[in-house]
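Okay, so here's just one chain, in structure tokens, the form predicted alone.
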């Protein structure tokens, strides 16, 4: 199957990507395997933000807070209480969901730039707690020595088994979010993104739909935080910083909003760029910024959106015999 045919069939492309991810570990160095694992974790976080930004039209600058809450839940429970994976997973996701439920009550009172600023302020609250609540979080020193997960059917102490655990987590998050956005609830979110007034006129409870979407996004973000803490082995206030939230926003914009798979691709591109380019130069932020500006100017719909537009244009182009393009003005075929 040609590349174009592969892109025309999303399910086939997804199966191909899954096979590549399954077969990749034996072919990669330990460094590249580590980067791929990190990209999958950030892919979960980016997809959770896409539920807000891409499907609901809500831009958040505090999404790193949920990553941090999930991560700190793991750090505290494992280093102080020896909790296993299932306990930390439940607590981490629940903590993030509760925080999102509280934050949503405040943030969803505003729209546009005011919503953006409120999410920024709420995210900084979590950063402040992580920074100042030293007895619980160890402040700037962070929580180190987070062990690899226990209580699983197989050992994930080594890099390859842990990679497959992260891959399973990524697939689970993708399936859950895809189910949400394809359900009538998800279609309602898209309608709200396009026109809140119209959806309200049709009888939909706009605020409630936005609130539920906000909580789901926070819970999945907490899930990413749980996996991140086990991957990194260290939790610090840096996980809740504004820079982390902005980075995730860039992943969504670069990959393509409202696609789920696009933000995951954006996460992979940015993680690879950040780590590989920084090996050769300290100006990797300049290069990353250039890539982002180029995407906004030349591909405002992101990587996936641009590919879709290109394929749609190819389908609309009239083709004659032997691939000769027919001139719609009646001037005959041309090459």
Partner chain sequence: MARKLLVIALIAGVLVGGMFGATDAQKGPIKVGFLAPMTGGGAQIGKDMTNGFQMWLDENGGKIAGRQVEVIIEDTQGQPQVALTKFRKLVENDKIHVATGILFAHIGYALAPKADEYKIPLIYPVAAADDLTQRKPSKWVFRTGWSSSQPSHPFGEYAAKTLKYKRIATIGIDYAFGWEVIGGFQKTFEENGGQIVQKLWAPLNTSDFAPYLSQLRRDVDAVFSMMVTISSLRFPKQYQDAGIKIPLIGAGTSFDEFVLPSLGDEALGGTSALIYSAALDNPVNKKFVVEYRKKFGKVPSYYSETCYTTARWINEAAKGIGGDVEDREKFLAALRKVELPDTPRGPVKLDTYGNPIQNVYIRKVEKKDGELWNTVIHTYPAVSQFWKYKPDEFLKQPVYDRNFPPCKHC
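Positions refer to the first chain, counted from 1. Predicted model only: the values in this text are computed from it and were never measured. Here the rigid core means the biggest group of C-alpha atoms that line up within 1.5 Å when the two forms are laid on top of each other.
One more form of this protein should be noted, the form predicted together with the partner chain, which is absent from this view; the next part is about it.
- Annotated contact segment (heavy atom within 4.5 Å of the partner chain in the model of the complex): 143-151, selected among 143-151, 117-125, 185-193, 200-208.
- Between the options 134, 246, 105, 94, the residue in contact with the partner chain in the model of the complex by a heavy atom within 4.5 angstroms is 134.
- 231 is the sole member of 231, 163, 85, 174 with a non-hydrogen atom lying within 4.5 angstroms of the partner chain in the model of the complex.
- The shortest heavy atom separation between residue 98 and the partner chain in the model of the complex exceeds 4.5 Å.
- In the model of the complex, the partner chain sits within 4.5 Å of a heavy atom belonging to residue 278.
- Proximity of residue 34 to the partner chain in the model of the complex: non-hydrogen atoms within 4.5 Å are present.
- Though the partner is left out of this view, residue 55 does not reach within 4.5 Å of the partner chain in the model of the complex, counting heavy atoms only.
- Of the residues in 186-215, none comes within 4.5 Å of the partner chain in the model of the complex through any heavy atom.
- Annotation for residue 298: C-alpha shift under 2 angstroms between this form and the one not shown, rigid core superposed.
- Comparing the forms between this form and the one not shown, the C-alpha position of residue 283 differs by 2 angstroms or more, with the core used for superposition.
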